[in-house]
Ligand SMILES: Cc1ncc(COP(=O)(O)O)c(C=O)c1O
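This document opens with one chain alone, in C-alpha cells, the form predicted alone.
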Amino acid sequence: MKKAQMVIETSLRAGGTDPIFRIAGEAANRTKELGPEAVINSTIGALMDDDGELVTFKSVYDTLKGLPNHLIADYSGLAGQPDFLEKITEACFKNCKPEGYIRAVATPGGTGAVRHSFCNYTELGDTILLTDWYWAAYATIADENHRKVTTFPLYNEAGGFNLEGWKKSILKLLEKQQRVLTVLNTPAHNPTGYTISLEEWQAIKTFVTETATAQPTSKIILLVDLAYIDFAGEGDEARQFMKMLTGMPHNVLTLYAFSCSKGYTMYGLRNGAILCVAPTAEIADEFANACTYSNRGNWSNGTRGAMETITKIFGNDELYNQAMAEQSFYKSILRRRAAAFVEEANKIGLKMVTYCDGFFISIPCDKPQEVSSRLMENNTFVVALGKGLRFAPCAVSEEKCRRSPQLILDAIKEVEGR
C-alpha cells in the first residue's frame, strides 16, 4: 500500500467497492443485459421475491408513510425515543425476556450495536473472538476502531458448535487480556445458517460462569448478534436461549445486537438497538450512559421515522398481527427455497457446512475466488468467502435454488479438479 499523504497512517485504505457489493453490481448489470431468467443472483443479503424485487412489508411501509411529517423529520432522543426503547426491547425478547436489568440504546441497525460493543467493552489493541466463518464487517469495525480479531473453528467434527475450540480460545485470550468479548452470531448465523442449540448454550453458560468465578478480575462479554432471528425457528423457539443467559457472575455481561433490517424489511432505514441484560442496576446504567454517549460522538441520533414505525406496530394489535403474518409468509418461502437447495445438494454430493435456518448457506472449497469467477461466466453469482462460498436463498427463487447446487459442484470440480 502507498505511503499516506495527508491521512494518518492507520486511516490509509485501499480503494474500491466492498467485494459483495461489487459482485452484486455485476450481477445487476448482467440481469439488465440478459434478463432475470438467465441470471442467478445469490449475492444480496436481503429478501427478494421470485422476480428479483426487494420484499417490503406492507404493514411497515403503510405505517411509515402514514406518520405525520414531523414524526418522520424530527430528531430522536440521543438514546432513542423512550417508547421506542420499550417496544424494541419487546421486539427483541418477545415472550423470552430474561431476568436481570435490561436496558436498550437505539443504533443504526445491528452494525451500530456491534460498533458500540467493540468500542465500549474492549480496550484499544484488544483481540475480539469470532467464529472462523464470519460476517466480514466484524473485522472492518474492529480494525476501524484499532482492535484485532481472532477466530476459532465454528464446527466440531460432528457439525455442531465447536465448544472445546471456543473454550480454549477464551482461556488463551484471558492470559493476554483482562477482558474478552466474543461474538456469537445466532440463530441463523451469517454466513452459514447455523443455530446454537439450547444444550450448547447451557454448556456455554456453564463454562463462562466457572471461568468468571475462577478469574474474578477478568471480564467476559457475550455479544449475541440477532440480525436473522426473526427468520429462525417457529414462534418463540429461536428465543428460548435468552431466558438461560442470566444469573451469571457480575464480571459477565450479555449484550444483544438487534436489527430491524431483516425481520421488518427496514434495510436502508438503519433501525436497531444494542441491549444489555446486566446483573446489577449499576452495570445497566453504565451501559446505557456509555452507549448513549457513543451515539452522540458518532451519528448523534437515529432515524426517528423508523423508530416511530416500530413503536406503532408493537403498540397496535392489528398492525402487529399484520406484520407477523407477513413475516411468517416470507419465512415459509425462504424455508422452501433453502430446503430445495439442501435437498438437491445432498442428492448430488455437494458438501455444505451445517445449515439450520436463515438467509445464507455456505459451501466449503479450497479456491472460492476462482470458483466464484467460473460461476460468473455462467451467469451465476455466488459470494466468495475466505473458507468457501456463500449462497443466499433469501435472494433466489425456489426453482433457481434447486438448479444452483449442480452449477456450483461443476464449477468446483472444474477449478479444483475434484
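Remember, it's a predicted structure, so these values are computed and weren't measured experimentally. Position 1 is the first residue in the sequence shown; the rest follow in order.
Heads up, the form predicted together with the ligand isn't pictured, but that's what we're talking about next.
Heavy atoms within 4.5 Å of the ligand in the model of the complex belong, among the stretches 118-126, 213-221, 257-265, 337-345, to residues of 257-265.
Although the partner is absent from this view, residue 108 contacts the ligand in the model of the complex, with a non-hydrogen atom inside 4.5 angstroms. Taking the partner from the other structure, the ligand in the model of the complex has no heavy atom within 4.5 Å of any heavy atom of residue 93. Taking non-hydrogen atoms only, residue 227 approaches the ligand to within 4.5 angstroms in the model of the complex.
At the 4.5 Å threshold, heavy atoms of residue 270 reach the ligand in the model of the complex. Proximity of 155, 192 and 194 to the ligand in the model of the complex is absent: no residue of the three has a non-hydrogen atom within 4.5 angstroms. Listed residues 135, 231, 241, 161 were compared with the ligand in the model of the complex; 135 is the one with a heavy atom within 4.5 Å. In the model of the complex, not one residue of 311-336 has a heavy atom within 4.5 Å of the ligand.
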